[in-house]
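Form predicted alone, single chain, as structure tokens, below.
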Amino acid sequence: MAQYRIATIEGDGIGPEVTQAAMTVLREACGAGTLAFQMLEGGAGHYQRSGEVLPEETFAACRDADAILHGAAGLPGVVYPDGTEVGNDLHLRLRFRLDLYANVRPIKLLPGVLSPLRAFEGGGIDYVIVRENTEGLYASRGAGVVLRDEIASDSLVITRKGTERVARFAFDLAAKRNGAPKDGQSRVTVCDKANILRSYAFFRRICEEVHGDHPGIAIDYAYADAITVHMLKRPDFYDVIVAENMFGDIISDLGAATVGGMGISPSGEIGDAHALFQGAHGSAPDIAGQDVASPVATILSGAMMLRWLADRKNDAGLAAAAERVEAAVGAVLAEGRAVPRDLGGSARCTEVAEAVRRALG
């Protein structure tokens, strides 16, 4: 039986609780000995203790592992001298050093979850946002200029290489899916502001070029402001959306809100050789240690991890385990066995994890 090394950083706030919950479910789904979780230091709390947010030994372990599972990072008031948050720097450093260029955010309405979009409460929301993860406006991180305390500027960077590879990732992903819920059409929507800025017009043009290699996939375009309306009015039209870093960041959280919120929204940061998986939510230090956080996002991120590993390692057993985890989460929520507080229930973090674990059995 194959064994996979999972570099695991619990992090801060609710990070340890949701990570342990996910590990419980993943062990049950995969069987004893399949996943070897290597517990590693990192995050804002570790920075307070040691002056390092990402120790070099943690980075080396992440680099050499088969995949990375991360809880959450960040604590109030723990910032660098320039005011930026220390916690965010943990996965940002991993992102850039491991070249995790595609941020993948599934937006799917799960069974038993009420959407604030009343027309879609019975289902019909199932798309993925692929956010370019290494450049765009966020490429200026740490390099922006504040001049005489009067002018601040950051540069938006779009490269051919960066856009080509994230566009190719998006089209390849669309080819593996079943199309948009509304019409079954496999479709990639390019989100930009090509009508205003040359950088985004360049982004769109390169996406069009990549589309030429995927004739079976439809291409669609939406300006970043307009898509926020369309995601609320006709979310069933979307299959895969690809966007520049900042726009992708913003619309991903909007999409999460339409399917129940950040507490049940998984994410993956994926490159050609490495991948990191974590819930899309933050560290929520105000509820840390109370066993009230929802572990659903981290559990579903773990399922994403299994699916990614299954593709890389050609391991059908991991793919089957991922499907079982997703089905178990859906069953628990649909039947009301253990509904977390952010979805209107009262189940504790450990109770949700145990209910999902039992549903797997």
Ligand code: IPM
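Start at 1 with the first residue shown and count on from there. Computed from a predicted model, the values in this text were never measured in an experiment.
This protein has a second form, the form predicted together with the ligand, left out of what is shown; the following refers to that one.
Handout entry: Answer option from 154, 236, 135, 249, heavy atom within 4.5 Å of the ligand in the model of the complex
Key = After the contact test, the surviving option is 249.
Handout entry: Interface residue in the model of the complex among 95, 168, 204, 182, criterion: non-hydrogen atom within 4.5 angstroms of the ligand
Key = By the 4.5 Å heavy-atom cutoff, the listed residue in contact is 95.
Handout entry: Contact check for 88, 91 and 105 against the ligand in the model of the complex, heavy atom at 4.5 Å
Key = Heavy-atom distance to the ligand in the model of the complex: all three under 4.5 Å.
Problem - Contacts with the ligand in the model of the complex - residues in 116-134 whose heavy atoms fall within 4.5 Å - result: Residue within 4.5 Å: 131 only.
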